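To begin, one chain is listed below as C-alpha cells, in the form predicted on its own.
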C-alpha cells in the first residue's frame, strides 16, 4: 500500500529564520504600500483649511479651587456625570471622592497597594473603580451614609498579569474597560467579574484608553509604550485602525467630541490629532520651546480647544484648528499627571505630583 503523498512543503527542512525574515519583509512592503496610499489622499493641511476661521481671543483661566488631602502624587482623576464630584487616586494608595465646588471630601478609600494609577466614576455616580500596581480593577459602591465602610463592599472585577494603567466604565455601570502594562486591554462584566472581550495588538505596555463618545459607541482608542494608538471594535475584539507617528510613549488619548477624531499626548513633547475618516494624522501641536512630555490631554466641549498637561508643571491650551498655542497656565509645583474637562464644559480639573488637584475656569 502506497503511503499518501506528503505535501512538498512539509517534507522540506524549513529554516525558521528564513520564513520569519520572509514574512517580515512582506509585512514591511505592505506597510510601505499602505503609507503610499495614505499619502495619496493627503491633499491639504488642517491649519491651511482653517486659515479663514477667526482666531480665538484672550483667555482668562484661573485656578478656582485647590483640592488638598492626598499625601503623595496624584496619578488619576475623573468627573462624575453630575458635573460636581471628582474621584482622584494617588501614589499613597488613597482614592478620594471630592465635591469640587465646596472642596469637601465625601468618601475616602485606602487601597491595599500604593500607586493607584487608574480611577473612574460610574455613569450613575453610584460607584467608583480604581486599580494600579495590584494588577486588578476594584469597584466600590458609594452610599449616602458617610460612616459606611466602603472597603467592606469592594468588588474585584478585572485581573491583569501586570499593572492596571487605565479604566473606564462603558455607557453603563455594568461593564468596565481596562488597559494594562501586560500589553492588553479588556472588557469585563462588573457583576460577575467575567472577561467579556480581550484586545491584543500592542507590542508593549498600554498606558491609556478612551471610549468613543456616541451612545452606540462600540469603539475605543488606546495608546502605549509601542508609540502606537490603536482603535478597537469592542464587539469583535479586533483592532480596526492603527496610527504610529509619535516618537515616544503615548501617555494619553482622547476622542474629539464628535467621535470622528482623537488626540494623543506623548513623551515626545507633542500632542497630535488623528482623523479617523481620513485615516491619518492631521495636526501636530508642538513648539521648539516645549521639550517636556505630555501626560494628559482633553478637548473643550466644542472641540475647538485642546488642553495638555505637561511634565514641566504647565498646562498648554491649543487651538485645535489653527495648531497654535492660545494660552499657558501655571500653578502646579510639580508635573501635571492628569487632566479632565468637566462634563458640562465649564471647567477642567488637573491632578499633579505636587499632591494637589486644581479646578480651572
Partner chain sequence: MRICLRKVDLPLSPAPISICRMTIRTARPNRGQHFRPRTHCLNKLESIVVEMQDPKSGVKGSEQKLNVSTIPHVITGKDVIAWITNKMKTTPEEVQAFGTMLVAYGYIYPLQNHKKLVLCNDSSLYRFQTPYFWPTQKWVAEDSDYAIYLAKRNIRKKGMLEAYEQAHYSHLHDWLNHKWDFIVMQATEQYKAGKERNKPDRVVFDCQERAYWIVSRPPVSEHCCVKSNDPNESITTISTNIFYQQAIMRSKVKSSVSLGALTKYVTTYKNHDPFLAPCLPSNPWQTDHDAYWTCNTRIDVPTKMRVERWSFSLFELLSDLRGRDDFKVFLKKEFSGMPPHLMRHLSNLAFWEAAEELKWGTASSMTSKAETIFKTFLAPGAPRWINIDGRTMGLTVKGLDHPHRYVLEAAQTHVFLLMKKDTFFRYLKSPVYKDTQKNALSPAPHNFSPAQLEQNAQNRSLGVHPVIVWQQEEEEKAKAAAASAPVDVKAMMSKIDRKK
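None of the values given here were measured: they were computed from a predicted structure. Numbering follows the first chain given and starts at 1. Here, rigid core means the biggest group of C-alpha atoms that superpose within 1.5 Å across both forms.
What follows is about the form predicted together with its partner chain, which we do not show.
A.B. asks: Tell me, out of 210, 78, 205, 134, which residue has a non-hydrogen atom within 4.5 angstroms of its partner chain in the predicted bound form.
C.D. replies: Spelling it out, the residue with a heavy atom inside the cut-off is 205.
A.B. asks: Which one of 111, 150, 290, 186 is close to its partner chain in the predicted bound form, taking close to mean a heavy atom within 4.5 Å?
C.D. replies: Exactly one listed residue reaches within 4.5 Å, namely 290.
A.B. asks: Answer with yes or no whether residue 279 is in contact with its partner chain in the predicted bound form, where contact means some heavy atom within 4.5 Å.
C.D. replies: Residue 279: yes, in contact with its partner chain in the predicted bound form.
A.B. asks: Residue-level contact is defined here as any heavy atom of the residue lying within 4.5 Å of its partner chain in the predicted bound form; does residue 300 satisfy this criterion?
C.D. replies: Yes.
A.B. asks: Might residue 242 be said to contact its partner chain in the predicted bound form, defining contact as any heavy atom within 4.5 Å?
C.D. replies: Answer yes; at least one heavy atom of residue 242 falls within 4.5 Å of its partner chain in the predicted bound form.
A.B. asks: Might residue 90 be said to contact its partner chain in the predicted bound form, defining contact as any heavy atom within 4.5 Å?
C.D. replies: Residue-level check for residue 90: no, no contact with its partner chain.
A.B. asks: Could you pull out the residues of 335-361 that have any heavy atom within 4.5 Å of its partner chain in the predicted bound form?
C.D. replies: Going through 335-361 in order - heavy atoms within 4.5 Å of its partner chain in the predicted bound form - the hits are 335, 344, 345, 346, 347, 348, 353, 354, 355, 359, 360, 361.
A.B. asks: Following rigid core alignment, is the displacement of the residue 346 C-alpha between this form and the one not shown equal to or greater than 2 angstroms?
C.D. replies: No, the C-alpha moves less than 2 Å.
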